[in-house]
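Take a look at this single chain, the form predicted on its own, given in structure tokens.
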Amino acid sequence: MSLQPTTLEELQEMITANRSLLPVGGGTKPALSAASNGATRLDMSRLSGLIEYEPGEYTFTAYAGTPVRDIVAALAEHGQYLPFDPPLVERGATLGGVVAANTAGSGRYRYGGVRDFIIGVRFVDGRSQLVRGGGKVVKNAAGFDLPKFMVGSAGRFGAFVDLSFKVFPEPRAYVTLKAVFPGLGPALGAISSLFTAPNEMDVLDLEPLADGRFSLIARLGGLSSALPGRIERLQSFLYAKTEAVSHEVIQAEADAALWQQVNAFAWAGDGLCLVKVPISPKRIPLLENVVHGLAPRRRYTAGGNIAWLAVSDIDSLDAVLNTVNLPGVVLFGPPGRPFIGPRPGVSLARRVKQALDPSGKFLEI
């Protein structure tokens, strides 16, 4: 069963009349958006469109059901963008879905993730009341930061109505450098060296290769006239200060095509579960030891602070993550099981849910 509100009033009426609701947007993350066990889908796609956009203030407000590609197109007309690089844009990801799932792409490395750019939220809670947190301008913030708390909420506290974000000027051009290292240790050593070096990178990803080597992928954005010199300095640094054994420079259309594929998780293949795991570079060797055979397709983004694992056996991964004390959020996979591994912070989330949704109109935490 699916409900599809077209106005705020309809949304409030539907929440009053129903329970076990799951707000959904574009359905691009089926493990989070597919209803199970009798849950009712609350399809938010009809509440869509830009409400307010102030290019001079670098802020916008849009309905939660707005496709991110529409936001990207509107921002691009003014040379602006969402620096946290939301994934699954071409598949139809919505603004509310990005916030609910806390999904940021490889581009979050330099400026931060969804929580760093959301400044306001309005949602309808389990009592059918309209709740507002934050505002439409960057300086409008005081008290409990409700917008940031709602990031990653997976539709458990209420249904988003609209969201406000700050944005940045978009770089005029990009270039990507892929450097190959003989193993994980040297690649992590290079990441550590790059953290303290004067290289302003927009992306720093780590990718295992089939032969046991690792590829470090850096993307630089800026003025096209400055990029050749910057990429040359980065190459020189890697060969002088790290154990890089080879490299490849990717530019123009090839660069854009590469990151479009990464944004769509094309590397993960079809038919596999995709799990996001917050981690740190120091813990990557521990995770590599236990998931090497379980997740032959994997990628580390945000300078090694996020692991993306493509697996066929979600139960085995759940057991492994519990063993190494790492939480996981399932994006592609069976419905009704969005969280695996340990659940840090769940006791606080349940207390907030009791305040916002005391009668359990939305799915349990």
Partner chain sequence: MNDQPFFSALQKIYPKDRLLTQGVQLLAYESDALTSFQAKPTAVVIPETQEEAIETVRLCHQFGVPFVARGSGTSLSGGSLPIKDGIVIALNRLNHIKKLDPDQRIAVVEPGVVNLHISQAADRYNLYYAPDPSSQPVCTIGGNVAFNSGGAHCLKYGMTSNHILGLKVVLADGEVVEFGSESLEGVGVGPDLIGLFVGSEGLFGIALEITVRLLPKPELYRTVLAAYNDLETAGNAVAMVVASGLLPGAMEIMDRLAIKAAESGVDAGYPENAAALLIVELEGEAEQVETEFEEIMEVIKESGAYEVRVAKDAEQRLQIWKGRKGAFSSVGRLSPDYIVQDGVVPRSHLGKALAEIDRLSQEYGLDVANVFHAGDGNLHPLILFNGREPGALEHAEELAGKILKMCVDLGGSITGEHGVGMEKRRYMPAMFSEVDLETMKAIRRQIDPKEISNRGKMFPGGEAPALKMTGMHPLEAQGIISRE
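Predicted, not measured: the structure shown is a model, and the values here were computed from it. Numbering follows the first chain given and starts at 1.
One more form of this protein exists, namely the form predicted in complex with the partner chain; it is left out here, but the text below deals with it.
Taken together, the three residues G120, Y174 and H247 lack any non-hydrogen atom within 4.5 angstroms of the partner chain in the predicted bound form.
Mapping the unseen interface onto this chain, V131 counts among the residues with a heavy atom inside 4.5 Å of the partner chain in the predicted bound form.
In the predicted bound form, P186 stays away from the partner chain, with no heavy atom inside 4.5 Å.
Although the partner is absent from this view, Q260 stays clear of the partner chain in the predicted bound form, with no non-hydrogen atom inside 4.5 angstroms.
Shown alone here, F237 lies farther than 4.5 Å from the partner chain in the predicted bound form, counting heavy atoms only. For the options T242, S192, S215, Q251, the one in contact with the partner chain in the predicted bound form, meaning a heavy atom within 4.5 Å, is S192. Residue heavy atoms within 4.5 Å of the partner chain in the predicted bound form occur in exactly one stretch of 304-312, 35-43, 22-30, 62-70, and that stretch is 304-312. For the partner-free chain shown, P327, G328, V329, F339 of 321-342 come within 4.5 angstroms of the partner chain in the predicted bound form, judged by any non-hydrogen atom.
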